[in-house]
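Next comes just one chain, in structure tokens: the form predicted alone.
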Amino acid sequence: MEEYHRPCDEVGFNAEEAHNIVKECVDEVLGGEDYNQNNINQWTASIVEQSLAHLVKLGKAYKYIVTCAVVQRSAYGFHTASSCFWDTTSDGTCTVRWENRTMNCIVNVFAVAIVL
């Protein structure tokens, strides 16, 4: 993991920036793939590791938690929820939903501000 560098005076989590980073990582890992349960562990690990690495490279004062779920598409759908108790002025979250004809992917990013 790269060394952390304190940013200038930016306040608040930029969910749009995080969403774009994660979407690129998901596209890179899953784009063009069909669901294959033998690849799920590798795919999910790659998505969370790449997303986390890119988020840390932004050099912002956050601790990040990244989760990823990949499921085979079915008629039953896929439902998930999360809840956080934190400082909404500095901490934040974003969710990236991605799908193709054979699978659904949901990535959650939770960003908790580091107060120094």
Partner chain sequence: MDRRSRMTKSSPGAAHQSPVASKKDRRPSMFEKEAYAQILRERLRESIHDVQYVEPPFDDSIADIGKEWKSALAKLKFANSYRMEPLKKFQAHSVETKIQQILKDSLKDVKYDDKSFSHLSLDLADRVLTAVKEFGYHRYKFIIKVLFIQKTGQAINIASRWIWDVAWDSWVQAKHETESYVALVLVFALYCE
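If you're wondering where the values come from, they're calculated on a predicted model, not measured in any experiment. What we label the rigid core is the largest C-alpha set whose atoms superpose within 1.5 Å from one form to the other. Positions refer to the first chain, counted from 1.
Not pictured, yet referred to below: the form predicted in complex with its partner chain.
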Answer for residue 94 alone: is it within 4.5 Å of its partner chain in the predicted bound form, judged on heavy atom distances? yes
Would you classify residue 61 as touching its partner chain in the predicted bound form, given a 4.5 Å non-hydrogen atom cut-off? no
Taking its partner chain in the predicted bound form and a 4.5 Å non-hydrogen atom cutoff, the residues of 47-81 making contact are 48, 49, 52, 56, 63, 64, 65, 66, 67, 68, 69, 70, 71, 72, 74, 75, 76, 77, 78, 79, 80, 81
Look at residue 86 and decide if its Cα position differs by 2 Å or more between the shown form and the other one after superposing on the rigid core. no
Quick check: residue 31 between the shown form and the other one - does its CA shift reach 2 Å or more after fitting the rigid core? no
